[in-house]
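Heads up, the chain shows up twice below as structure tokens, two forms, tagged structure 1 and structure 2.
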Structure 1
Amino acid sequence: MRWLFSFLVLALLGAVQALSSSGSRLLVVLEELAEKDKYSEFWDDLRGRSYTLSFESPKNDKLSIFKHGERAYDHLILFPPKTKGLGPSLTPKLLLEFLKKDGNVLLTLSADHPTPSAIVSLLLELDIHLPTDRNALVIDHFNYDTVSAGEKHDVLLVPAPKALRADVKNYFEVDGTIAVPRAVGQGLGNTTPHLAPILRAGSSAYSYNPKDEAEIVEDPFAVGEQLSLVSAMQARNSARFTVVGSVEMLQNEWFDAKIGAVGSKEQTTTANRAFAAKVSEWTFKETGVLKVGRLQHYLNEGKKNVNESAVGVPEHNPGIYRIKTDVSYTIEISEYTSTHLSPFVPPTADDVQLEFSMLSPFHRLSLTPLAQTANSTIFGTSFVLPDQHGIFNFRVNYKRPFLTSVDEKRQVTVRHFAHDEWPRSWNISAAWVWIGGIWVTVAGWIAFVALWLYSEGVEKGVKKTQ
């Protein structure tokens, strides 16, 4: 029986041998299937990373991204439709539903055709703004490809993206320059924390409609680095949605095109292929995926925690503590990179933090890496519980751009001192006066009673003689 079971497990393992952490069924929605050959290298790359690709036209009536209420595919690549929209099976509502069910979407835009309003409203829901002028594309008069767009300046040459901030990891580092032909620039909303630009236009770029014959652009949609060429949205459930401003940059011809920068004679090859791989890796959750392993909190009694059992065993953390006790907290975090789990190392300027909160945090502590196993880092800290009873949460709320969110909340009760946990009165030196007082009173009373009884007896004797 056991061999059968292990065989089954092996078979299952073989079946799910994808590089993505969330499945390998990939649907490419392409209006004209003939066009797919233009992107064959991109497909080969994806197949090389063991995705099963299905190609469908949005006009296909039987197309459905759901089956029996569940996702039929794990990932979705949407090509810009030439007609008005993506059809009834890919409405914005269904696409958001797909994201809600942990599917990932790579949406590509093209400046060749006006972006359909369905896609515009979908992006608007995610606080990604497209130029109001549907034919606008991004132009840069200083960083364009001299080979292919010497006149129009609409093929941008953008250096490989650097880390967004010092405390954010960079998953899109490639060697060389990325060519972005005829891109639709996106403006990202300023309020939502779910958005992050992957590739930003140079500081001299601006959005412009070439069909608009005006000499001067007044009040452009966005300029400079505010224009995002490739942007990422990661929902609260860590579903990923990437907008690639230019579908052309994924084409075979741009994967190894020769480009020339302004002011330099030599021609180089684009890094588009590597960049496309990085973007698709990230979007389909091959990189930047965090996984929480064992999470422990325990009363720190000077000894090492006993709960050292294997991963997968349900947590045996205590549900109740007493105020003012020393508590340790450890959390095991791994990062998934393409093939395996590796120890997660936060960026240098960043910390994984633990909150111990009731209504508001009573402690907010940086977790220090205590140890590393083969595929995880164990972060931990110990602290003294506050002098406040109540229902508290150990919470690690680690949400960073490009990393799947970690929000681990463990509810514990912090109780008051029980009646027999206080120090005894004789251990408190200040109480000795009062203890002394009690015993003096007791002794005095006994002495008084003894005296009283003694003298009473004499009186009775006297009375009797009378």
Structure 2
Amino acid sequence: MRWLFSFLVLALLGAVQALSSSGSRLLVVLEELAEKDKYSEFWDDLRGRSYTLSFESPKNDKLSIFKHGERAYDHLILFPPKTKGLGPSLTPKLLLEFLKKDGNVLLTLSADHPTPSAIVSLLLELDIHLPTDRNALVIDHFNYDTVSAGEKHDVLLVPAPKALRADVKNYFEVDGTIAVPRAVGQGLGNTTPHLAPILRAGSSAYSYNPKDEAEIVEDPFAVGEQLSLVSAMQARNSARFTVVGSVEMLQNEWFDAKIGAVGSKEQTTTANRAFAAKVSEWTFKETGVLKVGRLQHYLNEGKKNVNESAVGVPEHNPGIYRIKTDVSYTIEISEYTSTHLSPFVPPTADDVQLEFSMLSPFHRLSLTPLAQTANSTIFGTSFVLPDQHGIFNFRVNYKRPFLTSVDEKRQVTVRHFAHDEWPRSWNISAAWVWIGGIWVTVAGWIAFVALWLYSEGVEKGVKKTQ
């Protein structure tokens, strides 16, 4: 019975595992630990998703995010410090190293505390720019909370974010309006595809330094939708870094606060709690995580060979093909959603594509869904190999905002025809003229030889006279 008891214990441990696909160890770096009660509802939501929370102050000399060269935590939440930085244990170099080791970071900012230069340097490494005025905040004179910011207009009311593009899934949709008090706006660089705004400011918002006594801002840092209030960065290794411009929006008082919009007498409740859950779920890899199962390519001989196996079954793919043959390709893709793997369904305006390439793609084909299993979608296509021998790659390089990257490559050799694989000349209609010429020449030669052999000469007699 011991083995049965051990099996039940392991099953229970698996049941209480965190919903994140990358681990449950979560470190919260908060300078004033007494302030953590202001965010108790946020902590309860995280614990309800089976995270193990550890609270540390950046002043703690024993604080370390690495142990024996590996990550000591799976995720970090960094609150804005009141001092000049986060200390020697959380330098920009160490935080970038944490990202390189597949750790995820949720960084919060606040206009009430000047952003330390170390945080500014870290964000510049990621091509995220902050205002040069350390006390700048975002205000909006047309979309603000009339209940709490009737004079300063520094509590923005922003509708729930929509899809970034038609070919991108929306993981942050909530019902209601989001209140963003005293936010630090961010500007995102245009040179990297790894950055994406989650929550943008309204068209009438702008960045403003309240210490500036001028009534008119002549050269603002950014205006309108150029200002990102919540930004996301996903590295090449799919590690995630999220910047929340207002740490106050995570406080208990804003999770269920009553707000009033300009021109409306009715008050509504904020959607901050649901939005905070969506942002933390994405940052800590509970959503938007793609996994590749079995991948197959094979010679198409007129029979269906759809892969209907489960994720993780070994592959048996040929390593060599002949030019101008018909091949099929299938790949199994799943999407992890909080607790389980489900079939991945791309947006309507998007396609998963296959490249068959040497130095450059010879074919770029859209993969169509062929079948679905309980936890995956099988995509596939068929095509004719090019008339070019060499070393080729079957490659699926699928990278979209808010989704972990898929880059699967399989190398194959494409050979030319063997000497006994070429079609016979009489099967080629263009060769019939030459074949006819050969047989005409042979027939003419035979006729000439026969004529020469069977033609006798006439002998003439010669008389001798004396």
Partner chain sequence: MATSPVDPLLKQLTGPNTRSLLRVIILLTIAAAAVSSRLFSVIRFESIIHEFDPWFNFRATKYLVQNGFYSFWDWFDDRTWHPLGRVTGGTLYPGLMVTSGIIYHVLRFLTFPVDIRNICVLLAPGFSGLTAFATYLLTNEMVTSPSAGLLAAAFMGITPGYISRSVAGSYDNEAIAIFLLVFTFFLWIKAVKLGSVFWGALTALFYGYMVSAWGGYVFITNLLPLHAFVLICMGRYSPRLYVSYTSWYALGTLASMQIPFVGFLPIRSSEHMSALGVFGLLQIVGFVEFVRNQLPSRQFQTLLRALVLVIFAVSFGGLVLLTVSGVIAPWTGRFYSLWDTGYAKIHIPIIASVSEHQPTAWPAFFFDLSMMIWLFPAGVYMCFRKLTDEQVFIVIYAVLASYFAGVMVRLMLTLTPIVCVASAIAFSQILDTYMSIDSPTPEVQANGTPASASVAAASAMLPDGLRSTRNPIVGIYSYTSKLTVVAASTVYLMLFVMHCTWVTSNAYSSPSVVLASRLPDGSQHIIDDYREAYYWLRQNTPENAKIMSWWDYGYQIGGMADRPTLVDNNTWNNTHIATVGKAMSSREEVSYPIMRQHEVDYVLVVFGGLLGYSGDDINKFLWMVRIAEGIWPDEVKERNFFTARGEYRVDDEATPTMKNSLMYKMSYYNYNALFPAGQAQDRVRNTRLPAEGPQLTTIEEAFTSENWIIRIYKVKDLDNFGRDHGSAVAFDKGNKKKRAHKRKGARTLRVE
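Just so we're on the same page, residue numbers count up from 1 along structure 1's sequence. Just so it is clear, the model here is predicted, and its values are computed rather than measured. For clarity, a rigid core is taken as the largest C-alpha set superposing within 1.5 Å between two forms.
When you get a sec, tell me if the form predicted together with the partner chain is 1 or 2.
Structure 1, not 2.
Do L199 and S24 share a rigid part in the two-part description of the motion between structures 1 and 2?
The answer is yes; they move as one rigid part.
Can you give the rotation, in whole degrees, of the smaller rigid part against the larger between structures 1 and 2?
Hinge rotation between structures 1 and 2: 19 degrees.
What does the CA of I438 shift by between structures 1 and 2 after fitting on the core? Give it in Å to one decimal.
Its C-alpha moves by 8.0 Å once the cores are overlaid.
Rigid core superposed: how many angstrom does the CA of F448 shift between structures 1 and 2?
Displacement of the C-alpha, rigid core superposed: 12.0 Å.
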